[in-house]
Structures are given as C-alpha cells and as structure tokens.
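What follows is one chain in structure tokens, specifically the form predicted alone.
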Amino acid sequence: MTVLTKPWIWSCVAAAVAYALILGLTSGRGAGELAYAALSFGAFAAIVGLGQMLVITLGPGNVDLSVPATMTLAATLALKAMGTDPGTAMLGLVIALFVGFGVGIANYALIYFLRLPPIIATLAASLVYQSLAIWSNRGLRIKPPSGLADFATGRFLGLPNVAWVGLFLAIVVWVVLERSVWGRWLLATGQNMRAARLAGVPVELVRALTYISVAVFSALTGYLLASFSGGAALNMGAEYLLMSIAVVVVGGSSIAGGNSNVPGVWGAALFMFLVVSMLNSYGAGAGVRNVLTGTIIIGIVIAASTRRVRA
C-alpha cells in the first residue's frame, strides 16, 4: 500500500491546499504567522479529536457529545483551584484530569447500567456538567497562573508548546493502537463486537476505558485552552462538539468503527482551521462560514467514501 492510498493523506493534502490558497489571497504575506496560528489552534482540535476518534472506533452509535461541557467543567474547576497562584499548574492539571476521569466513568455508567444509547447518555450528562460549571463559575473569569499562561502561549524550537503536547499525545495514541493489546481489543470491538466478545475480548472493559479516555482528552484540552486564552468561559467548548467529530471523519477514520487514523486527525485539524481563516479573509460572516465549512466537510466525506468503495 502506497502513501497515496492511505485514507489520512487526503486531510493533509487538503490542509496544504488550503494553506496555499490563503497565501495566494494574501500575496504570500504572513506565511510564518499563519502556520504558527494553525499549529496553535489546530492542536486543541487535534487533542480532543484523538479522544473522539477512540470512541468512534468502537463502532456505529458510539460518540461523546459531552465534550464541550467536559472541557468547560474541567477548565473552570482547575482555574478556580489554582486561583492565579504561582506554582499551582500541576495542581490544576491533576484536577482537570480527575474531572475527565470522573466524567468518563459517569458517562459509561449511564450507557452500561441504564442501557442508554451513547448519544443520549452523553448529551443528557453534558447538561449536568455544564450546570456544574455554571454553578462553580458564577460569572467569574479567573486567569491562569502566569507561568502556565506563558507555557500555553509559548514556543519551543519555533513550534507552539500546545502543538508539541498534541504531537506527543498523537504518538502515544498511535503506539497504543498499533502496538498494545488494548489497541487490538479496541479495533476488534469496533469491527465486530459480538465476534470480539466470543474471542475473549473484555468488550465492556474496552468500552469503559475508551469513554474515560475521551473525557480525559477533553478535560486536558479545556485546561490548555483556558490557559492559552487567559481564562475559562462557559461557552469555550461549544465549537469543539462538531469539530471533534469532523476532524475524525475528515481525517480518514471510518464512522462504521474498527478503523482509526491518527495522522489524519492532525491533518484535518489544520485543514479546519485554515478553512475558517480562508473564509475570514473573504469577510464571510459566522453563518456563511458554518454553511461553507459544513459543505466542504460533506464533500470530503463523500469523496473519501466513494474512494473506499472503489478500492
């Protein structure tokens, strides 16, 4: 199999084309700044997309709609605990990850014990998480400690620190999927849950760990995004609901489950940011941007599906 036949390559090609088009519109001005911004903001979509990819890999009907609320709750509680005090970044990180772990357990408990479809369970749970965030926030916008803010907005070897975090997590996820027993269990469960169970795969343990993983990734994204943007806002995760799903599908992962493409998530995250930037350069309003972005996503999904059928 050549590189050109791999599903994830097309999101990377689309990102490169979008980057070239924007440079064409601006006569090549600001190429470095655009690339830096794409890596910075694309990192947040990539991190949360990696978690969503794991859930979608479980098979049809598996998706986590509590991502935005989890991001908001984790960021709010973490920043409130840190209270702008220096040296508390690790405390905030632990709290954010703990929130993600608790959310993942709660989501899976609703799915397993109440036999609710994942879409319904995570959507209903998100209302509770968002309410908790509102109650704990009480309209305050607490700034992160200066050291944490400097890290989130800083760079290393010319690349944004948040991009390094996203790349590191992508490598970890890839290794887990390709080299670990749990990764093989996850792919087997997504391809055929009944066959996997008959083969001795602990399907429910795999599902539980997967829903915990997406919640932890969402919580980490919220923590980093709040540190990057100077505080937690109650609507900070709203755009990442569909974005987390879009980067998975556009990135080449199968919505039918049993297949995942880690590099494609990063390519799709960069592409989505560049599309919005390109539309902004034309002065398009939010409604126009949403419609055109949705149209582009649908077109890519159809093209990718057609290519897989022919193959």
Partner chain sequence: MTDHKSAPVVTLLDAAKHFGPVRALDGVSLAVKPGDCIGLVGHNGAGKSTLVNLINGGLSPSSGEIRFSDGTAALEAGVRSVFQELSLCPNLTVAENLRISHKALKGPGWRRPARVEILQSLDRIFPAHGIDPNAEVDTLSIAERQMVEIAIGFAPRGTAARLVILDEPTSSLDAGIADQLLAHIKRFCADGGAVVFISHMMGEVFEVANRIIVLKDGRIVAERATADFTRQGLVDAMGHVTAETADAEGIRQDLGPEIVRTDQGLSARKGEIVGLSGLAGHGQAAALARLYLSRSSSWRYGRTPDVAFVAGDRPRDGVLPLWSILRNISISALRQGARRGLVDRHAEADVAAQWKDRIGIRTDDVRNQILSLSGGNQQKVLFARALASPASVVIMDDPMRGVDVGTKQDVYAMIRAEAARGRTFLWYSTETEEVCQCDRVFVFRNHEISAELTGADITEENILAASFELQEAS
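Numbering follows the first chain given and starts at 1. Everything numeric in this text was worked out from a predicted model, so none of it was measured.
Form predicted together with the partner chain: not shown, discussed below.
**Q** Hey, in the predicted bound form, does residue 263 get a heavy atom within 4.5 angstroms of the partner chain?
**A** Close contact is absent here: in the predicted bound form, residue 263 is far from the partner chain, nothing within 4.5 Å, heavy atoms only.
**Q** Does the partner chain come within 4.5 Å of any heavy atom of residue 267 in the predicted bound form?
**A** No, residue 267 stays farther than 4.5 Å from the partner chain in the predicted bound form.
**Q** Give a yes/no on whether residue 191 approaches the partner chain to within 4.5 Å in the predicted bound form, heavy atoms considered.
**A** Result yes; residue 191 sits at the interface with the partner chain in the predicted bound form.
**Q** Given that the partner chain is not shown alongside this chain, does residue 204 nevertheless sit within 4.5 Å of it in the predicted bound form, heavy atom to heavy atom?
**A** Contact with the partner chain, yes.
**Q** Sort through 124, 187, 233, 106 and report the residue having a heavy atom within 4.5 Å of the partner chain in the predicted bound form.
**A** Spelling it out, the residue with a heavy atom inside the cut-off is 187.
**Q** Give me the residue from 159, 208, 116, 169 that has a heavy atom within 4.5 Å of the partner chain in the predicted bound form.
**A** The residue from 159, 208, 116, 169 that makes the contact is 208.
**Q** Tell me the stretch among 172-180, 86-94, 67-75, 215-223 that has any heavy atom within 4.5 angstroms of the partner chain in the predicted bound form.
**A** Stretch with heavy atoms near the partner: 172-180.
**Q** With the partner left out here, which residues of 253-280 have a non-hydrogen atom within 4.5 Å of the partner chain in the predicted bound form?
**A** Contacting residues: 257, 258, 259.
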